[in-house]
Every structure is written in C-alpha cells, then in structure tokens.
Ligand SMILES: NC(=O)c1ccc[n+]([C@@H]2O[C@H](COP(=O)([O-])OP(=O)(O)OC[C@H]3O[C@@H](n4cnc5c(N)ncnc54)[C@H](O)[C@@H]3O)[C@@H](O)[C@H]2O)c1
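A lone chain, given as structure tokens: the form predicted on its own.
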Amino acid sequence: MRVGVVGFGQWGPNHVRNFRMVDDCDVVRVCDTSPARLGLARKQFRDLDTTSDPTAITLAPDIDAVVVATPVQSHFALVRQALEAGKDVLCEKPLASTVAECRTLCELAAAKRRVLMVGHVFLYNPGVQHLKIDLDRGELGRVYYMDATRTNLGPVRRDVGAIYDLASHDISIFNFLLGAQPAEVSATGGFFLQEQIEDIGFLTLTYPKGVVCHVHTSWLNPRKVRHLTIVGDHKMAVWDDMDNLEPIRYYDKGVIADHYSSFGEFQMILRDGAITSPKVKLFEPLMHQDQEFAGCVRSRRTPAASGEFGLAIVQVLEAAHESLKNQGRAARVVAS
C-alpha cells in the first residue's frame, strides 16, 4: 500500500514513521507548504519524495491511500479531492469544519466505495479500550455520569478553539464508551487570548438513558491533565492517561438507599469497598490507529473511527458552539 501524507507538522512525521513500520506499507511522498518542514522530512527520511503541491499526492496515480494532517479548514477540500480520485483517506480530527462538509465527505466515500477514517486516536488508546470492554460487560452497572478533564498550558491554536481541538477527544471517548450520541449539549467558555477563539470550555452533554457527561478543556492551565471518571451504580472507575503504571483504578464504592417503612427511617448507606488496578498492556495508540487503517484498506471493512463516527462528533461540536453563542443555553444535537 503506497501512502502519501499531506501535512508534515505535529502529526505528519509520526504517520510517516508508523506506516513505514506496517507490513506491506510504505510512505512514498510527503507534502507541506513550509520549505523548512520539507527539509526536515528529507533529513529524517532520506529516501522520501517531497512536494509543496497537495495534488501530487491526492491525484497521484502512484498513491493508494492519503493521510491528511493539516489544519481543519483545509480538510474538506483535500479529503474530497482524494476521494474523488479513488483514494482511501485517513484524516486527522475533526473530519471537517461543518456538519454539511462532513456529510458530503461520508456520502462521497460511500459512493466511491472508499475507506474514510478519522483520527480519533483515543478509540485506540489501551485504557479506553479496556474501559469499553468492562462497560459492555456491565462491570460498573448502570452508568450515572462521566466527568473528563483535558487541560494544559498550550499549545494555543489559531484555526480552532479549545472545544474543537480538545473537547472533540472526550466527546469521541464518551460516544465510543456509551455507544451513543448525546441528545443535547450546553457549553460555556472564555475568550482571553483571541476574540473569537475560546481558550477554555465547559461542556455538559445529555446521553440516552439519562447519562450525563461533562468535560473541562483549557489551554490556560499550569498542569497537563488527561483524566476521566466514570460513576456507575455498582462500581466507579478513574482513568488517568498520564499514569503509565496504573492508568485505571476501579473503586468498589457506591450509595445504597436502605429499606425503610417511613420517611423518618430513610437513610443512604455509603458502600466503601476495595480499590483495584487492572493490568493494562500499554501500546502506542497512533500506531494501532494507523495499523487499523491499513487493515481496513486491505479488507475493505469499516473502521471504528469511521467517517460517520467523525460526522457525529462534529454534530456535537456544532451544537456546542451554538450553545456557546447563546450563553450556555442547551442546544439540541441534530443527528443524521
């Protein structure tokens, strides 16, 4: 499988490295508009062909699959061009700037019978995958709510705000773990460094069966935090993506409404049990994501982070920005 990578910024070099390690794959060409980045690409990968013209990848007859790792505003045009040329495409998240653009790309991929995958890399994170298996088994019981924190000092972007950049990760995790999409979302945020680009965001999402999810995102936090708490009626779980030794801890804790015959006898009993940390085999999520893409191209199957999955995330992001413009008023998520 001959791969071309458009964009050699933060993620592009990692994709080049990964696909060159995947069996029967090779990256034959890289595109970037920066001469300095192309010079770095040639230095890191000495036999790599480089170009500043994206059509030398999206339309090239010697390219089978295209990786798009460019700013969000360029995704739609590049992905559409590659799909129309009969290429399979892996595009970094979010798939496109608007729901309408995402829907067009999904319909085009289906018409061309091409694999369209979105780089929602946390679907391939070992901790998230472990939680998914246990949630599907009912280990935590009925899920009440999830609470996520994703903060750091920078990097500050100019193309999208903290919600599109950071909250998209946690929305993808919520959707993946719950196997559902929220019905509505409310969002508030702060615009401190740039007038129309939020630096912080607070989202509350309402999922089917009454599950409430919350995420705090920020570029203006002194600590890098990647944290998720899941509360069920049987157990609770905490996942810390910054902890390589014990990324997941299960708490055998809960609240029990005791049996009573009158209101005066009513009481809540706190159940406080053991704390366990399962063995989680660590691996590089991006490598697993790229391997999944290559496998889907070969077998013509649909990836977990499909175009439709990416479309669902952008539907939530659009609703979140509608809420943000309306001072946090809840906005309905319009699903396909």
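Position 1 is the first residue in the sequence shown; the rest follow in order. Model, not experiment: these values are computed from the prediction.
Keep in mind the form predicted in complex with this ligand is missing from the figure; the text below concerns it.
Checklist entry - When you measure heavy atoms, are Gly86, Arg114 and Glu292 every one within 4.5 angstroms of this ligand in the predicted bound form? => result Not one of the three qualifies.
Item to check | The unique member of Ile200, Ala109, Leu78, Val231 whose heavy atoms fall within 4.5 Å of this ligand in the predicted bound form | outcome: Partner contact (heavy atom, 4.5 Å) among the options: Leu78.
Item to check | Gly254, Pro126, Pro71, Gly141 - the one with a heavy atom within 4.5 Å of this ligand in the predicted bound form | outcome: The option sitting close enough to the partner is Pro71.
Checklist entry - Looking at the partner-bound form in the predicted bound form, is Val121 within 4.5 Å of this ligand by any heavy atom? => result The answer is yes: Val121 has a heavy atom within 4.5 Å of this ligand.
Next on the checklist: Check Ser34 for me: does it contact this ligand in the predicted bound form (non-hydrogen atoms, 4.5 angstroms)?
Outcome noted: Yes, Ser34 lies within 4.5 Å of this ligand in the predicted bound form.
Checklist entry - Do Pro54 and this ligand share at least one heavy atom pair within 4.5 Å in the predicted bound form? => result Yes, contact at 4.5 Å.
Checklist entry - Counting only non-hydrogen atoms and a 4.5 angstroms cut-off, does Lys235 reach this ligand in the predicted bound form? => result No, Lys235 sits far enough from this ligand in the predicted bound form that none of its heavy atoms falls within 4.5 Å.
Checklist entry - Any idea which of 20-28, 309-317, 6-14, 322-330 reaches within 4.5 Å of this ligand in the predicted bound form, heavy atoms considered? => result Stretch 6-14 is the one.
Next on the checklist: Suppose contact means any heavy atom within 4.5 Å; which members of 284-301 contact this ligand in the predicted bound form?
Outcome noted: Result: empty, none.
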